[in-house]
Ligand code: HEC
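Before any questions on binding or motion, here is one chain by itself as structure tokens, the form predicted on its own.
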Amino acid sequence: MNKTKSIVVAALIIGLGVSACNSGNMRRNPGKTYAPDMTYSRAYDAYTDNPNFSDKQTSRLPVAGTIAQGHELPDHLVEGDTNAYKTFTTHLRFNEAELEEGKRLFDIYCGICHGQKLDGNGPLYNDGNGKFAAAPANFKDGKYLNMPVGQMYAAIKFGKNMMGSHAAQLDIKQRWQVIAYIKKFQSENGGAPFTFGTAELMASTTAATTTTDTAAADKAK
């Protein structure tokens, strides 16, 4: 009797399984699609044929000679080329907010050694009582006061002496922002007049404003 019951139960289970697998009466249509772009992607998957290009490739290299949006042109500076360091510079000009960002970046990445006062007495040196026995560069000192911006850039990119490279921490624009902040500080502490970064932009803007004001005054007479 128990064997008969087991056979019946097994038959019912098999029957239910076969019935569940029967798709004849199942509704597989998802119904109305209100956001087709979310349901059916219009993008081409990587490494699949793409009819929009002659080579039918979806994954492709960028056009030769182009730069990705938001990226700077490569600087092409070669480590060890000290002659190039001395003349290397940038076309970038910064407004006051960008210059303030340069100060912020300096405080984060440079102040620990060079000090937030740029006097070479950061927490890691601490008057010789810190972790580093060698004093970092004092940007108020004559040796560094009029250092070419290209040499500063090379030190940030490649590192110098005990200072390691900061190329991974600061992109090209950020390196120049830090240097512009240092040069502005140096110009206020006995260094050469600040003609790097915002100074040239401010000078040209002032000259243009003066010319406009003069022309307007002459016209009003």
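Residues carry their position along the shown sequence, with the first being 1. Given the structure is predicted, the values throughout are model-derived calculations rather than measurements.
FYI, the form predicted together with the ligand isn't displayed, but the following is about it.
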| query | finding |
| --- | --- |
| Segment assignment from 189-197, 163-171, 36-44, 49-57: heavy atom within 4.5 Å of the ligand in the predicted bound form | 163-171 |
| Heavy atom within 4.5 Å of the ligand in the predicted bound form - the one residue of 99, 135, 145, 92 that qualifies | 135 |
| Proximity of residue 88 to the ligand in the predicted bound form, heavy atoms at 4.5 Å | no |
| 4.5 angstroms heavy atom contact with the ligand in the predicted bound form for residue 110 | yes |
| The ligand contact in the predicted bound form: residue 156, any heavy atom under 4.5 Å | yes |
| Partner proximity in the predicted bound form: residue 151 to the ligand, non-hydrogen atom cutoff 4.5 Å | yes |
| Non-hydrogen atom within 4.5 angstroms of the ligand in the predicted bound form for each of 114, 178 and 182 | yes |
